Structures are given as structure tokens and as C-alpha cells.
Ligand code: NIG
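In the form predicted alone, a lone chain appears below as C-alpha cells.
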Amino acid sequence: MKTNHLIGPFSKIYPLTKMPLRGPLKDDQLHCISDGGILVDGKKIVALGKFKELEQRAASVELLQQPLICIPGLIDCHTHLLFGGSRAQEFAMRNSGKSYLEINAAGGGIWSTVQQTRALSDAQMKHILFKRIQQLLLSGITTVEIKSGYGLSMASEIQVLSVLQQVQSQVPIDIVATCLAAHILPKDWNRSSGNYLQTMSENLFPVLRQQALAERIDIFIDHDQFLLKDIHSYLQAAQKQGFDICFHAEQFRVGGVALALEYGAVSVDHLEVIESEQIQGLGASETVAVVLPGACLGLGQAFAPARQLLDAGSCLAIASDYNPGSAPYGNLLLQAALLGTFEQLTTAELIAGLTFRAAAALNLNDRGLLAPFKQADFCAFPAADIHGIFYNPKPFYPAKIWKAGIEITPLNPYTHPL
């Protein structure tokens, strides 16, 4: 009995299946299927091909009424999406000459958001998260990584990660939770930074495992709050318990990439001040380089050297770093378009950085490409070809989005307040 559902015809489908995971890409590697269809069964893709040829294999057909191009669902592989409050005042302070690190040291920055996030109830957290997820869905994002790190206590970290777990079952988007308890040393911790990291690794890590709250441990080391010996102990404890490791590194100073490579990190993120030796090391490794153009826009920094990273052989992913301080903009596609302009990235490199290479940064191999047995996550744009996605200067939203084979219609949070 046929159960396959056929979606199409699309004017062009870009499967992204003939491109390597690492290194530079040319636009002539962006092969497409014209007048194509996608055959799905449940949550998985069964086949891609000419729409007419797939019709005979379909039990049902979803006919599109306008010309649309189709790409895999986008993946935002680095965000801090669940937070309370605003840091608009800090935006003005930075524009007046204060640095991000100076604001943090004075009690603003991350600690300000920690205090505002701790004050939220579970219900308030869920309300905030639902609204922000609708914004992501509008942009064609079907998988998002979300970090904790605005709790910075046992109870608050567990609360944030538990809310992510609860919301996962209620939204048509996959949430990959990451524990960032080592964001900064909380200002209400009255013992040493080493004792803080030890407390988190000995007490929080087992809870994450027991309650399946996170599979990933992140650490921000571009400050002087954690000693190297304590960082080693923390990361070794994470590895011993089987967590994937990722790093915030080389945002303000050099040193984190070498440590990330030593621990075989799945990804190292930011990289704005990375130097040539570290670029070559990263290019020769399996660690994914994640660049965050939104943070550069927010802080007035130069973009991470994405062109050099690709030419050195890196797997380069692009993420929004959506957070209330340095990257409050969201809009992953616009960020990628601007990065492409300033770093001279091809359309192929941009779209790969938002799909299958972003999936690699999350250690996921079941999405980011359109191929049999992959998750049926894809979105369709009213553009003549794939270049139009990044060409349009205003926010460009997909016309249709499918998650696990089902079309979804996100609410516009601007016109339908939640």
C-alpha cells in the first residue's frame, strides 16, 4: 500500500548532495533538479526527481500553486535564544565608547541578563521562547541550537534546560540544547572560579545525563575568570561523561582554538581574532569553524576571516549568535548575505554554512541535505534561483516551510503577538 506523499512541482530543487563537507565551494557545484518533486514518507525523504516521474509512486500529492525554489531547512547552530530582559542601554554605551568586556566587568553584560533571566517563571520563559521560535520559523529555520548560560546556578541552569526540553514537544522545530554553565563566573558565587567549575561538573553534569537535558557542553574562555588548570578539569569531566564539547573562542583574544583542537571539539565558535597559525590548524582538523556575523555587527568588530578559513580547508558554518547583548538582530539570512559581501563567499559557501555544514557543527547527520533517508526538512522561496535568497536586501522569508514532511505556517510575531 502506497503511503508516499509527493510535494511539488518546484521550479528548482537544490539538494546540496554533491558538495564536500570541508573547504571552498564554487557555485557551479550547486546542481539543481528542474520541475522537481520531493517524495516523503512520514518524517523522511524517500526520493527526489522530476515531479512527473514521481507521481506514479505517490499515494497523495501536494500541488504548489506558484513557482518556488527549494532548499534544505536552515539550521542556526549557535544561539542564546532563551533570556530575560533587554540590554538596549548597553548598545548605547558601546556606541559611546565602552567596550563589551568593560561593560561585563562593571556588572552589566552577561550578568545583567543572568539576573533578569533568573527572575522569570517557567511560564514566562515558555512564552518568550515560543515567540522567538516563531521568528526563526518565518526565516525557514527548522533546527536551532539554544544554550543555557543565563542561569549560572544549579537550579537556574536546570530550569532553563528543562524549559527547552518541555517546549521541544510543543513546537515544529528541533531544539538542540547546549549547557553553557561556564559562561562567566556568577557574581554571587563567593568561592573560587575553580570551585564553581568543579561544582558544576560534579553536580550539574550528572543531572543533565539523568534527565536528558543536554548532550553538549560549551565554555566561554575569552576572559580571565577561569584558570587554565580548572578549564582542563572541567572539559575532562565533560568528556568522561560523554558530552560533545564546543567552545566560544577567539572573539577577543587568541588561545581558545588550540585548546578546542586539543579536546577534539565538535565546533569552535566566533573566531573574529583568529590568527594564521590557528586558521591552518583548524583547517587541518575535524572541528567545525562557526562564524557569527551578528556579533560582529553588534559590537562593531571585523567579521571572522571566513574566506581564509574556507581556503585553509575548514568546514565553515554560519550562525546568528542571537542574544540580548552582542547580537540582538536575529535574521540569519541577512547576516549571511552581509558576511558573503565582505568576505567574498560564494552562494554555495553561504548555503552550505546554513545547512549541512551547520548540521555538522551540531554533530547531526540526518539533515541539512535533501536526499533519501534524510529528515524531510525543507523550505521554498519565491526566487528565480538560489542566488535570489541572498540578493534581496530586505528580510526575505520563504513562502512555504516543511518540517518532518509536514507543511507548517508560523505565526508572524509582529502581527500576531503571542
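The first residue of the shown sequence is 1; numbering continues from there. Given the structure is predicted, the values throughout are model-derived calculations rather than measurements.
Quick note: we don't show the form predicted together with N-(iminomethyl)-L-glutamic acid, though the next part is all about it.
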Review point. Should Glu145 be classed as touching N-(iminomethyl)-L-glutamic acid in the predicted complex when contacts are defined as heavy atoms within 4.5 Å?
Key: no
Review point. Could you tell me if Phe205 has a non-hydrogen atom within 4.5 Å of N-(iminomethyl)-L-glutamic acid in the predicted complex?
Key: no
Practice item. Using the partner position in the predicted complex, report whether Thr178 sits within 4.5 Å of N-(iminomethyl)-L-glutamic acid, counting heavy atoms only. Key: no
**Study point:** Close approach of Pro324 to N-(iminomethyl)-L-glutamic acid in the predicted complex, 4.5 Å, heavy atom
**Key:** yes
Review point. So which of 331-339, 273-281, 193-201, 315-323 is the stretch with heavy atoms within 4.5 Å of N-(iminomethyl)-L-glutamic acid in the predicted complex?
Key: 315-323
Check your understanding: With N-(iminomethyl)-L-glutamic acid left out of view, which of Leu235, Leu164, Ile110, Leu138 would have a heavy atom within 4.5 Å of it in the predicted complex?
Key -> Ile110
Exercise for review: Report whether all of His78, Arg87 and Phe220 sit within 4.5 Å of N-(iminomethyl)-L-glutamic acid in the predicted complex, measuring from non-hydrogen atoms.
Suggested key: yes
Exercise for review: Scan 228-267 and note down the residues that get a heavy atom within 4.5 Å of N-(iminomethyl)-L-glutamic acid in the predicted complex; none is a fine answer too.
Suggested key: His248, Gln251
